[in-house]
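The chain that follows stands alone, in the form predicted alone, written as C-alpha cells.
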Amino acid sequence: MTTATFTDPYHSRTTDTWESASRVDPTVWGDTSGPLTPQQLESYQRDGFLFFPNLLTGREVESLVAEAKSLSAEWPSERAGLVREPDSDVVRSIFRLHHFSDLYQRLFADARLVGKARQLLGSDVYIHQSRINYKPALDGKEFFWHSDFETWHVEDGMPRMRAVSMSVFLTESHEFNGPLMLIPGSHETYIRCAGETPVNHHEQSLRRQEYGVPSREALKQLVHQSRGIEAPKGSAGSVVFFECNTMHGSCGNLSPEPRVNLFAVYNSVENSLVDPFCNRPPRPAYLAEREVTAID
C-alpha cells in the first residue's frame, strides 16, 4: 500500500477485500440561489437523486430520439466511442455526444438542466462525460451496480465528489425494460472495491464491468441501511439527477421495445481531473474530458 493510499480519502482497488468509508465531501455544494427549492435540495441531500417527470416536451424528445437513431446508424467506424453489447454486435452505448452532436450540446447547456447542476455543485460546470445507453428490445443487457465516482476517481483522476449525472428518458421507463435503479442514501458511503485495475480496463468494462463494482456483502449493507431500492419510472422527457457516488444499476430489457437513456455528467470546474488514482494511464478523452470548458 502506497503513501497515496493513506492520504487519498477515496482510495480503492488497493487490497483483496472491500471496505466502506464515509464520504468527506458535501452532497450539496451550493445554496438556495437557483432553480431548486429548499425542499428539493433537502431531498437530494438525503437520497442522492432527484426525479423530474416530463421536464422536456414531446417535440423535444422526438428530435432527441431521431438524433440517437442517426448516431447509431452513422457513427464512423474509425471514431472511438461506440460500444457494443458483450455477446453481440448490438450497439450498447455511444460516448462523447457533446463533441459530435450540436443538438445534444445545446440540450446539455439548457438552463433547465445546467442550472440545476450549477446549484448542486456550487460553481460553473463542464461536461465530464456524455453518452447514450440504448438498451435495445430483448437484447439490452444489464448494467451492474456501481458508483460512478469510484471509477472516475481511480481510473480518471476526479479528485472529489463534486459531480452530478443527468439522465433524460428518451423512451418511457417502466419495470419491464430495465429502468435505472438507485439505492437512496448510498451516496453517503464510499465502497472501496477489491482487486487491482487491469491494463486498459475500459475496453472490457464498458461492455461488462467486473472490477470497480461492489461485492454482494457491500450491496446488502447499502440496501439494509437505506430505504431499499428505488427505480424512477415515467414517460419520455422525464429527467433524473443523481449524485456521483450514488450506487446505481439496471436490469436487462426483456420488453419488446427499446429503453433509451441520454446521459451527461456535469463536473465542477473546480474539480478538474488530475492523474488517475491508480498505477495506470488515464482513460481516453471520450470517457473523461481532461480539458475544462465551462458551459456558458
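Just so we're clear, the structure is a prediction, and the values are computed from it rather than from any experiment. A residue's number is simply how far along the shown sequence it sits, counting from 1.
From this point on, the text means the form predicted together with another copy of the chain, which you will not see here.
Can you check 228-236, 259-267, 33-41, 46-54 and let me know which stretch has heavy atoms within 4.5 Å of another copy of the chain in the model of the complex?
Only one stretch passes the 4.5 Å heavy-atom test: 228-236.
Quick check on this chain: which one of 79, 220, 106, 112 has a heavy atom within 4.5 Å of another copy of the chain in the model of the complex?
After the contact test, the surviving option is 220.
Name the residue from 143, 190, 95, 126 that puts a heavy atom within 4.5 Å of another copy of the chain in the model of the complex.
The option sitting close enough to the partner is 143.
Just checking whether residue 65 would be counted as a contact of another copy of the chain in the model of the complex - the rule being heavy atoms within 4.5 angstroms.
Outside the cut-off, so no.
How about residue 100: is it within 4.5 Å of another copy of the chain in the model of the complex, going by heavy atoms?
Result no; residue 100 lies far from another copy of the chain in the model of the complex.
Flag residue 90 as yes or no: does it have a non-hydrogen atom within 4.5 angstroms of any non-hydrogen atom of another copy of the chain in the model of the complex?
No, no contact at 4.5 Å.
According to a 4.5 angstroms non-hydrogen atom cut-off, is residue 175 in contact with another copy of the chain in the model of the complex?
Yes - in the model of the complex, heavy atoms of residue 175 and another copy of the chain come within 4.5 Å of each other.
In the model of the complex, does each of 194, 278 and 290 have a heavy atom within 4.5 Å of another copy of the chain?
Contact check failed for every one of 194, 278 and 290.
Quick one: which residues from 249-264 get a non-hydrogen atom within 4.5 Å of another copy of the chain in the model of the complex?
Those in contact are 250, 251, 252, 254, 255, 256, 257.
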